[in-house]
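One chain comes next, on its own, written out as structure tokens in the form predicted on its own.
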Amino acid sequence: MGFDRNAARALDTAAAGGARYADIRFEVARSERIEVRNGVVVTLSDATSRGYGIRALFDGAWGFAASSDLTDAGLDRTAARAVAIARAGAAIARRRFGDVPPKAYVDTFATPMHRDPDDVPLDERVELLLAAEAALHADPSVRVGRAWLDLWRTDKFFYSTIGSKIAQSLRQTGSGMQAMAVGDGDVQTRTFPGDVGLYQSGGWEVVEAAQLPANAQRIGEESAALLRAPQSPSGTCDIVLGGSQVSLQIHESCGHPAELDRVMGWEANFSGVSFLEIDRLERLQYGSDIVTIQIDNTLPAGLATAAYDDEGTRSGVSDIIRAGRLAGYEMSNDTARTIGRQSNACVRAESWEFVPMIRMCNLNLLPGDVAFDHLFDDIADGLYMESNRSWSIDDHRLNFQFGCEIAWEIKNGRRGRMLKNPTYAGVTPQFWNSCDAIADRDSWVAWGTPNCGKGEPIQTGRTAQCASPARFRNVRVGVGYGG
């Protein structure tokens, strides 16, 4: 690795300062974004960031410091600062936590990809977006068309005082488009794919899989048709949610409440605390027996896929919900030990200058055995909804309300009229217990979330919730639209 000597110096300095354990994470991160709007390139950015962060453990307290100064003096100063912060924390700490990680790894990992985005010329990238955006204007009422792509490359080099030495080269790619129609005193939008685009680990093949040009005219037409569509009804009925909406439902009503730091009260910013208290582990019937949700940070397309987290813990597969029962949490080394378990590699930092913390990674609802079209069977009068437009959930992650961009009525097992402004609401365990069918693997997509916020100062995380469309019985709909 290119940072061996730098790492050895920093870790030796931390140990000489009294640290029981220390690790250092070097990162070189490149971020590219292109966005076109109404035929004009409005964003064309390409930025690279380099630096390192050091964690030090002293007498049961952690310290963290970061710098981009790779000189010997800079490494010494940053390592000493991390130890000093840990010492200061230990002096006032009422509780001792933190321990040396149980295992060291020496390894390398690179995200598999079929086509390196660096091999795609800039004019080819721009032309794809311009073509898709132009096709969104399928109706005069489409006033704003947007199409975008993001390319992220992160090279991480992790070292620790117990001997870990891990190099990872991560590639994440995403693209999407949106049409906004205006008319008759109304504004309606359609976004594709899903509500933020398609974001996955991998190369240019992720952009190709999004199929923006092939779907642009339909998305533009749907946004215009929504202006004339009837209002989605209020009441109680059976609903089918599209895969990207199920993904957000997992993110908000399972992913955040299952973060163990949130459960333990160590974290409450932005997403509040959690109703998944530790005494409910292996006891709470969170969902029906067809609901199994797993952490799988090894999944090839998952936006959060990596071989190791930012504590140097190896990725694997573990259950959060097993056959409807609460079975686990997203954990760090410290929090896992508190409940007598092992970390499941869910610690990440946005970049080198941020302290690592528990983050949602790849959180996947396992597919069912029903073909998508058969989810509508046995529904006499219901709704099918796609693509999130709004969400609200309380600070225990229990009571929620979601709005989607579009819906279709379901009558006697068949999809009928388009409807606008659909919403639904529920209480998390009751809602997931009402799930009685999940579409099969043919409809299963690794839906990435590129902008999850957590922490203070806030960090942006990239997560994934892999999901198929699913059916839920007797759900409140039309909340916020009267009736």
Partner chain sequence: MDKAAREALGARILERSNADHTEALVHSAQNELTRFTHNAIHQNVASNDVAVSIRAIVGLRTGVARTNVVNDDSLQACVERAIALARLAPEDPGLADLPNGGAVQTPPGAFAPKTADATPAIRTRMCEAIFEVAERDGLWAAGYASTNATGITILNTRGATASFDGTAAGVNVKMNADDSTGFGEAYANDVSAIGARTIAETAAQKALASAKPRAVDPGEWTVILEPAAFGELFSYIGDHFSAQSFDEGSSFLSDGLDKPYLGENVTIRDDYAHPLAPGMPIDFEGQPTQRLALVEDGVGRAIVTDSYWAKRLNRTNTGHALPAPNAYGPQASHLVVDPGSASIAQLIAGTKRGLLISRFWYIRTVDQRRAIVTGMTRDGTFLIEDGSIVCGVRNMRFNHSVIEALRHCEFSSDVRRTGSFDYSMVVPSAKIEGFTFTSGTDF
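Residue numbers count along the first chain shown, from 1. The model shown is predicted, which means the values in this text are computed figures rather than measured ones.
There is also a form predicted in complex with the partner chain; it is not shown, and the following applies to it.
**Student:** Would you confirm whether the three residues 81, 143 and 353 all fall within 4.5 Å of the partner chain in the predicted complex, going by non-hydrogen atoms?
**Tutor:** Yes: 81, 143 and 353 each sit within 4.5 Å of the partner chain in the predicted complex.
**Student:** So, residue 397 and the partner chain: in the predicted complex, are they within 4.5 Å at any heavy atom pair?
**Tutor:** Result yes; residue 397 sits at the interface with the partner chain in the predicted complex.
**Student:** Please run the contact check for residue 288 against the partner chain in the predicted complex: heavy atoms, 4.5 angstroms, yes or no?
**Tutor:** No, no contact at 4.5 Å.
**Student:** Looking at the partner-bound form in the predicted complex, is residue 340 within 4.5 Å of the partner chain by any heavy atom?
**Tutor:** Close contact is absent here: in the predicted complex, residue 340 is far from the partner chain, nothing within 4.5 Å, heavy atoms only.
**Student:** Is residue 415 near the partner chain? Define near as a heavy atom within 4.5 Å, in the predicted complex.
**Tutor:** No, residue 415 sits far enough from the partner chain in the predicted complex that none of its heavy atoms falls within 4.5 Å.
**Student:** Considering the partner chain in the predicted complex, find the one stretch among 222-230, 124-132, 293-301, 105-113 with heavy atoms no farther than 4.5 Å from it.
**Tutor:** Answer to the contact question: 124-132.
**Student:** Select from the listed residues 315, 160, 271, 364 the one whose heavy atoms reach within 4.5 Å of the partner chain in the predicted complex.
**Tutor:** Of the listed residues, the single hit is 271.
**Student:** Which pick from 389, 137, 153, 348 sits with a heavy atom within 4.5 Å of the partner chain in the predicted complex?
**Tutor:** Contact residue from the list: 389.
**Student:** Using the arrangement in the predicted complex, list in sequence order the residues of 452-467 with any heavy atom within 4.5 angstroms of the partner chain.
**Tutor:** The stretch 452-467, when checked against the partner chain in the predicted complex, contributes 455, 456, 457, 458 at the 4.5 Å heavy-atom cut-off.
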